[in-house]
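Quick setup: one chain, the form predicted alone, written in structure tokens, and binding and motion questions come after.
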Amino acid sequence: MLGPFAATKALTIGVELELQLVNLRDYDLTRGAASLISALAGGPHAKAVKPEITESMIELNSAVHATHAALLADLDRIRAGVCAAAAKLNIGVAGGGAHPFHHWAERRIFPTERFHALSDLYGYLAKQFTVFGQHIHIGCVSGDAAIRLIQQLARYVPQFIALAAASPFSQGEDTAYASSRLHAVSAFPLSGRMPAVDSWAEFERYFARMASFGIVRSMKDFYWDIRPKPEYGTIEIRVCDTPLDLDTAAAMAAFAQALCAWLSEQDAGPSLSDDFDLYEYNRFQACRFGFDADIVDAGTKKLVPLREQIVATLDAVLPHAQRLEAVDPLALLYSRATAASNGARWMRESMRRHGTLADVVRAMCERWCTPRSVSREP
């Protein structure tokens, strides 16, 4: 049910991107996943595109890569193929963590055995799970290395949230959050932070205990912010909203790669108990205020501006980014942090410019499917 941890090369990267499918009349979500996946069948990107829990979503899956440039090129090819196929079906494709005005009750569960089982178990939460995230996989040489990285990364979760935040609207309203998406995830049991285990053997004992109760059957039953994926030999960072463009998505993966490289050389830092005491508060602050959040530093026990912490982290990991050929994507994130400019801000500014949420979604579709050689919006 759990299986051994499949050791892989350290610091390899891969991503999953959940995308919105909308109609081109009023830009509401549309039940287009089956048609789009069918249109891609037999083509070069068929295996890279999968259904998600409702019929208005798809998931893009990259291959495993060692560098940011290779990852970005891979994702760009998949994006181009998906956007071309979607255009023939009159379907719009967009990033962003949540559709600004869809109504969850109108969604339909994608017809697979697993998704129907989830719907039977979670009821209306399954349809409310029509939110869109980026999952970043980082390769680890062992299960122990994976557990150590997950615990170290916990204090950086607010930084990932703020950098990728792109879900300020929900059900037609401005939520006042930078990232409203994570609250849909938090409604599920076994969400939030992984328990305070400190080795793979201890995690195996925890999993066996939960399985003995009939609570879990596989790692998919855990909705943690960061979780191990033993079958891939990775850790999976799950707190990012899907960005509005590929440059940001690939930059977030490069940031995770450089941060993990830096953390692998660091001491443990503040104790797990200190982190656990602060985790939910800091996570909420990042979701609510994004770059404007003040969070508690686990080392100093003082409130600090999240944006200053992000800049300090980017400075700290820069030598590793240089070695990993990832200076440019970190520079992109540095400029976003110093300007307090993320996807949520862009969407709100788009609303002020255009006046309707339908126009915001139209602009999101244009931004996602515009070739990178034509446009690289801030």
Partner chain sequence: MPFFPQMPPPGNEVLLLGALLAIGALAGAAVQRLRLPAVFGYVLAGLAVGPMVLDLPARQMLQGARAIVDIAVGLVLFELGRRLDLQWLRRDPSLWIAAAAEASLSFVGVTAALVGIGFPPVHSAMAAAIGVSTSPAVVWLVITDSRAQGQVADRCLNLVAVNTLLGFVLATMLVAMVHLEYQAGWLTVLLHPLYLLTASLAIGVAIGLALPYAAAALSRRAEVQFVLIVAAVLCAVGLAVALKLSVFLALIAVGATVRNVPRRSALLEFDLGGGARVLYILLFVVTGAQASWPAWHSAGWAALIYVAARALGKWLGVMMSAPLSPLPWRQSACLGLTLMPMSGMALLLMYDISARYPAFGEQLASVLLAAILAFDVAGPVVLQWALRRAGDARS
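Positions refer to the first chain, counted from 1. All values derive from a computational prediction rather than experimental measurement.
The discussion below concerns the form predicted together with the partner chain, not included here.
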Heavy atom of Lys9 within 4.5 Å of the partner chain in the model of the complex: no
Though only this chain appears here, would Asn342 touch the partner chain in the model of the complex if you measure heavy atom gaps against 4.5 Å? no
Arg31, heavy atom within 4.5 angstroms of the partner chain in the model of the complex: yes
Answer with yes or no whether Asp277 is in contact with the partner chain in the model of the complex, where contact means some heavy atom within 4.5 Å. no
Of the candidate stretches 84 to 92, 113 to 121, 221 to 229, 70 to 78, the one with residues having heavy atoms within 4.5 Å of the partner chain in the model of the complex is 84 to 92
Since exactly one of Arg107, Arg155, His135, Arg283 fits, which has a heavy atom within 4.5 Å of the partner chain in the model of the complex? Arg107
From the list Val311, Leu324, Ala39, Leu332, which entry has a heavy atom within 4.5 Å of the partner chain in the model of the complex? Ala39
Are there residues in 345 to 372 with a heavy atom within 4.5 Å of the partner chain in the model of the complex, and which are they, in order? His354, Gly355, Thr356, Asp359, Arg362
